[in-house]
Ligand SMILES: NC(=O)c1ccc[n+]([C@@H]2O[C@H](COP(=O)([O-])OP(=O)(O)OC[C@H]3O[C@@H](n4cnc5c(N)ncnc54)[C@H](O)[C@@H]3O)[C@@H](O)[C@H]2O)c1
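This document starts with one chain, in the form predicted on its own, laid out as structure tokens.
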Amino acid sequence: MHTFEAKVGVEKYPVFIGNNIFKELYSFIKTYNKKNVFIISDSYFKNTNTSYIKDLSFIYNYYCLFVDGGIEAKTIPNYEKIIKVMVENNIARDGLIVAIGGGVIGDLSAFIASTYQRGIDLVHVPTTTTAMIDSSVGGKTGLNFYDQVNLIGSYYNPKAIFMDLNFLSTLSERDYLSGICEAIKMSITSDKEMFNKFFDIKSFVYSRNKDILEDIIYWSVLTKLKHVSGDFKEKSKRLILNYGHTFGQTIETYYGLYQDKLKHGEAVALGITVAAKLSDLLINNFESKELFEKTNELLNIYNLPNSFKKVNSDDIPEISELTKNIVNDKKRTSEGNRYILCESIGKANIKIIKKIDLIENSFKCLYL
């Protein structure tokens, strides 16, 4: 088990990564008044007979609200519904919300925690690769609105994060590998050695070897913390984590929020393919070409899409529709859209680009 202290902004909190760490979670929750603990759990855990679920049975000692973990949960009506339940149960300001689920449950619960009575304590118990590697770390919260992902949100740190690898055994392969894509993305921008390692550990990742998964998640969390610790509200260094996201989210916007044609991690895979192509078009040297070629090779190895032919849909967007969505990207500034480029594998920087024709040419790689 890995146990360490995360520092995000001016706050610090413990992170636990390992097998069978529910005892540590229970010990942490017991430090709060029993009547003041409010658990928000993915409804999957209400109905499953998975072997590890008996170790989570202590959640029934508290008020536990089960919520469907689909993207439809991250809405204002659902937010209002849960707040009303909390008020009806007299959850006080010195209470605790425990979020058990993937990124949707984590984002929703964290937004509730950040706004209920101007802030209530929060614990994340992420249950997917995406949530462990990415969304539970860094303090972002969010609701979807007006068909845009996380248009409403805040920055709010938990009091602790507990990552138990047992949860990953029941994920579908698509969901599982979509989360691995987040780690691959960070290796491209931050760590060439780790990027190359992904070629060597393919069989261990596919077999869900817990030792390898613990190492990947531990590395991913530490890497993300390096970017967010001094840039909590995403003004500079933290933006590096958005490599490929601007492109990926415009593709997600085209397909819509409420569909299964494209997982978030699959959209990120398409996005980092376009980002690698944009980097190569601008830099045009051996390192940039290696970046594009090896990115495609690694995505193929992990069965992640690097072209629209590999998307689970016959509906292919026009390039003009994608560039139109980019103009409305929520991370844009008054100066224009910010893009993360890589000079080479492991070295990234931020650049504002206003030339639409350059962006269009980058997207063309997805149509081959």
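Note that residue numbering follows the sequence shown and begins at 1. Owing to the predicted nature of the structure, the values given are computational and were not obtained by experimental measurement.
From this point on, the text means the form predicted in complex with this ligand, which you will not see here.
- The partner is absent here; in the predicted complex, the one residue of V123, L177, I71, I91 having a heavy atom within 4.5 Å of this ligand is I71.
- Stretch-level contact analysis of 40-48, 304-312, 26-34, 318-326 against this ligand in the predicted complex, using heavy atoms and a 4.5 Å limit, identifies 40-48.
- When contacts are judged by a 4.5 Å heavy atom cut-off, G103 counts as touching this ligand in the predicted complex.
- Residue contact check for Y243: none of its heavy atoms lie within 4.5 Å of this ligand in the predicted complex.
- Although the partner is absent here, K224 is a contact residue: one of its heavy atoms lies within 4.5 angstroms of this ligand in the predicted complex.
- At a distance threshold of 4.5 angstroms between non-hydrogen atoms, T273 is out of contact with this ligand in the predicted complex.
- Shown here without this ligand, the chain has D107, T127 in 107-127 lying with a heavy atom within 4.5 Å of that partner in the predicted complex.
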